[in-house]
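In the form predicted alone, a lone chain appears below as structure tokens.
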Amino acid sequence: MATVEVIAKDNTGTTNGKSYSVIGRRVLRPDGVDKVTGRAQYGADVKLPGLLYGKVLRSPHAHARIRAIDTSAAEQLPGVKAIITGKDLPLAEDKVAKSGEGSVNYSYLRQNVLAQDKVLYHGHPVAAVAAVDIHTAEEALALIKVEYEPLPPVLDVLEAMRDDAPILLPGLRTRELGEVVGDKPTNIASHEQFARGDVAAGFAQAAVIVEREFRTNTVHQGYIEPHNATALWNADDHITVWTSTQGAWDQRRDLSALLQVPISRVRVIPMEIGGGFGGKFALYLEPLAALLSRKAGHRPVKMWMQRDEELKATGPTSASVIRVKAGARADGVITAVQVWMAYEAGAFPGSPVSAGMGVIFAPYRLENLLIDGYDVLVNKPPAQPYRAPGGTNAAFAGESVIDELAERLGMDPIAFRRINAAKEGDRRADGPVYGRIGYIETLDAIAAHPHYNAPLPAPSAPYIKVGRGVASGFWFNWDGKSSASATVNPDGTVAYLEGSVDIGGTRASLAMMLAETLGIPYEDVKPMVGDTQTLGFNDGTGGSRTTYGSGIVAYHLGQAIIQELKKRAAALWQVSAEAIQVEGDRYICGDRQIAFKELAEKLDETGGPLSVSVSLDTKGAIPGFGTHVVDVAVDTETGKVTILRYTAAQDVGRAIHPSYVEGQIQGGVAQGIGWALSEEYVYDDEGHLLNASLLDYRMPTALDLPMIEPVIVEVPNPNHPFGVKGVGEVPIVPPAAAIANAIYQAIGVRITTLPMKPAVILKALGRI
């Protein structure tokens, strides 16, 4: 078994028994000074000569036909320079392309960017205006007249699946197990299934069987910075877009397809990004700003969303209904699981139900399973990824049932999980065989932790009940395509250009791996994030791929530099490159040696400038696992749940920068707590979003959160030069289930809906 270790909070650079000079240190991030002093340039900071300002007219209805749009009065308003409606977008083919952590259908994307003949959710864009200032643009919106024919909306996934439900897309037919079936309109976009073994026989072997239904609500990623875009459609028909995006190359491709211009004419420049969590892959304002720019005489147009627009019209994650049946023998071995999952896609197909199907019992070794998943349209904005998309819903259901099985068998919840824990060589529900995973190690880390072995805190009053809960989580992790380049400077520093947008400190972690490879100080690597015109293709920053995939490229970039410098040293000493040995930053041949910095000073006399580039389609990502334990206090008079203590253990492979790893774990837990206790979209019967502000959409604040203790477990990935596994997705998966299990221990009632807000608790207790 690999060593389980909490990384020491120092700069020793020792991780899991292996010593590094850079990796494992808590170095300063290169973008830190600019961000804390306000000099960092975000999307809304772009300023260009002749800049116009754009605004979007949005539907007041959740479902309606557009009978007519009259923009004549708005066009006459002084200061208005351009107005566009759905007819200004070219027809898009019914083609699907990978985009970020999901995929995009260009026909549906066109309909979402600007409504065509129907609006499908409250806030659906209908028209856009560019004017000399934002106030004129807003005034022009009020002058646009739209004639709607309201239609009945459908807002619940089960209602949407009924044969008599209002139909969103008349041309949609269900894709059943990969094949299109049926000849009548439907809201069920797809049905997938994972099956193995004999479920009926498995349940026949079970000593205990648990069967429950779970519901989760729509939640938003809650990034601080709203969507924004500035576009210049130049007179030479080249388009430049400045935006906050997680995937500049994805957006370049999608803009090319949507606007029907050659991809070589589109340049996307990613600005600093104020959070994304999966929600900043999709196009919203970028094509509108580009079209307005062209129509306004090739003047640049800047657009940004207000918070209510963010909540109404950008992709939240899916609400869901999940039914679980699971059985286990008296010795604790799970004999069978059967799962039925329906996820809301929003107005167009594309929920993360398939990911949820892969997550729900992924931590466990299962011989008999049947998992059915449905992607279902409702009159809400199209779902977008949110940090382990689909995973939190799935784990809430699966881990609640796992906890109940353990309780019915009289077993410790960690011990029960350990009996059934997946390990290397076991097969996942969705097919692949596990490599060197570290799930058991996370269970052992929690089992040995002082938190798990401490007595529960004493209740502060008779009406306060306390409980402790455990849950585990999984995420697939990803690798993908990355490109980078580097130039060795004459002073021995390295200018490093990489294409992964920096959300969680990846500029630093990638620079650390390059420095480690070269044997030079971290401070001598100068990283920058490039754009689609300066680098080869990069997959987006998402799916926990960046430190893994772009890290492999950083390593190979370093190796390429080393090979070039060996040639330079060989030229200096008139020997063959094969005669040069490299130890750290020293290039050695016999009794002669020269340091990296000294060799860099001699580039001109050994061949001239030294630059290298590397592009790879990386492979070998290994899934991540985590196990969490939480203590809660439940006020049985008000229904309020207070988090008292939270500990999260996670196998990260190798912690390149421990502080950033800890921050990812803590951030995921914080978001999971919000999902568990307070966050939800509230719609009226007509489909109007009633809580489209951060005053009413309740994300947790510092007052709602405890100190979250991360436990870093390192089971190195053999497929990565430094053992990296993805980190960012796993920590949001277990919290809702862990909190639900703690609430059950406190009050003796299983909560099966999210969020577990006071009214839900009081109803479960029979108080309302």
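As the structure is a computational prediction, the values presented were derived from the model and not from experiment. The first residue of the shown sequence is 1; numbering continues from there.
Although it is not shown, the form predicted in complex with a further copy of the same chain is what the next lines describe.
535 is the sole member of 273, 535, 167, 370 with a non-hydrogen atom lying within 4.5 angstroms of a further copy of the same chain in the model of the complex. Think of it this way: in the model of the complex, a further copy of the same chain has a heavy atom of just one of 583, 183, 179, 604 within 4.5 Å, and the residue is 604. Contact with a further copy of the same chain in the model of the complex, defined as a heavy atom within 4.5 Å, is made by none of 110, 124 and 354. Listed stretches are 183-191, 626-634, 476-484, 158-166; the contact stretch with a further copy of the same chain in the model of the complex is 476-484, by a heavy atom cutoff of 4.5 Å. Taking the partner from the other structure, a further copy of the same chain in the model of the complex has a heavy atom within 4.5 Å of a heavy atom of residue 232.
When contacts are judged by a 4.5 Å heavy atom cut-off, residue 308 does not count as touching a further copy of the same chain in the model of the complex. Within this chain, residue 493 lines the site of a further copy of the same chain in the model of the complex, having a heavy atom no more than 4.5 Å away.
Although the partner is absent here, residue 133 lies well away from a further copy of the same chain in the model of the complex, with no heavy atom inside 4.5 Å. Contact annotation for 598-619: residues with any non-hydrogen atom within 4.5 angstroms of a further copy of the same chain in the model of the complex are 604, 607, 608, 609, 610, 611, 612, 613, 614, 615, 616, 617, listed in sequence order.
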